[in-house]
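Coming up are structure 1 and structure 2: the same protein chain in two forms, each one given alone as structure tokens.
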Structure 1
């Protein structure tokens, strides 16, 4: 009995397992393709909406060319990969009148009021080649000036292609509504 089982029944069972497997393959062979032929074909944007790509700046509701950022440096300090560089604006040179007022105040022993630097950043660079997409910067920003873009089709031939000027990017995104392209000094 054992010999019959081993030499006849078992091989039949083994063979049957192969046929069952082939049946599955055959069924799927006739079914619709599940792969996407990139780049001739791309997946729908619905899927991309939830993808958190590199970060980008959020414009002010009234002035989309100007980021909400207040150059507080929180994002740059908390970034684990050190890929954000925020440059603060310098305080403008006091005009002759202001200069005079300051000197007078100094002579009187009052508190000197220097012209304050504008809060928005002069430069905002992101080195995406270092970013680990952790989202820390987005979370810590006190004015919600950062968000994830869902840019996935990024290609470059060198690492430098992934150093983004986010201010520039914001401007180009808001372009139709920007009357005059903002200059660096602004």
Structure 2
């Protein structure tokens, strides 16, 4: 019985496996090619929209140079790779007149309200060389201030080439509409 299985049934199973494999290969051989021969060809806009590259900030609808980000740090806390660093802005120092008025109000027993820090971040850095592209930062953002970029032709010669100042990148993308100069790279 063992010789029949080894000499007749096993070759039939092997031949069937070969036929199934050739059928799959033939199916994809006849299909239209989906890869692109860069740099002779470029990705069309329809396919570029589906690409999820590194993250970038989304500007406000009325002021595209100002990010929607409220510096809540949810993206940085949820990032498993630790590649996002958000720096909050400091509260402005009160002028001497404001300081004097606050002291007088405090002396009267009134509740003094100190100037609040602006919600938009002072710095938003991404180390793309550490990013695992999990997309958790985009999902947890409460104000939808992050999205994936379509920057498909990203190259560099060192790890520092993949450290992005996303605030500067946002301003450079909306530069014709920005009045304020771009901040210095941190």
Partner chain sequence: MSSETVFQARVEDPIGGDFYARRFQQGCEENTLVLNMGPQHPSTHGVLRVILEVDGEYILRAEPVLGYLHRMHEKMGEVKSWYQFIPNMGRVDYGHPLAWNWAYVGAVEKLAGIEVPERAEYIRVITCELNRLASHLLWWGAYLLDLGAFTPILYAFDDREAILDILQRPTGSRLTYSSFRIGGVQMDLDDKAVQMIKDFIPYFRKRLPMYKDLVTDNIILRKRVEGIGEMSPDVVNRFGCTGPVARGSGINYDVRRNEPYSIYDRFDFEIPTEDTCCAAGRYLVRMEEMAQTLRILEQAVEGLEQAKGERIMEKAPKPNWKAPAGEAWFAVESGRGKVGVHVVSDGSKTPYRVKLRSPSYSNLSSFGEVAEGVLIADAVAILGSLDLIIPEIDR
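Numbering follows the first chain given and starts at 1. Remember, it's a predicted structure, so these values are computed and weren't measured experimentally. We call the rigid core the largest set of C-alpha positions that still match within 1.5 Å between the two forms.
Of structures 1 and 2, which is the form predicted together with the partner chain?
The chain shown as structure 1 is the form predicted together with the partner chain.
Any idea which of 91, 98, 43, 156 is the hinge when one rigid bit rotates relative to the other between structure 1 and structure 2?
Among 91, 98, 43, 156, only 43 lies at a hinge between structure 1 and structure 2.
Given a two-rigid-part description of the chain, what is the rotation angle of the smaller part between structure 1 and structure 2, in degrees?
The angle the smaller part turns through between structure 1 and structure 2 is 36 degrees.
So, with the core fitted, how far does residue 112 move at its Cα between structure 1 and structure 2, in angstrom?
Its C-alpha position differs by 2.4 Å.
Once the two forms are fitted on their core, CA shift of residue 33 between structure 1 and structure 2 in Å
Displacement of the C-alpha, rigid core superposed: 7.7 Å.
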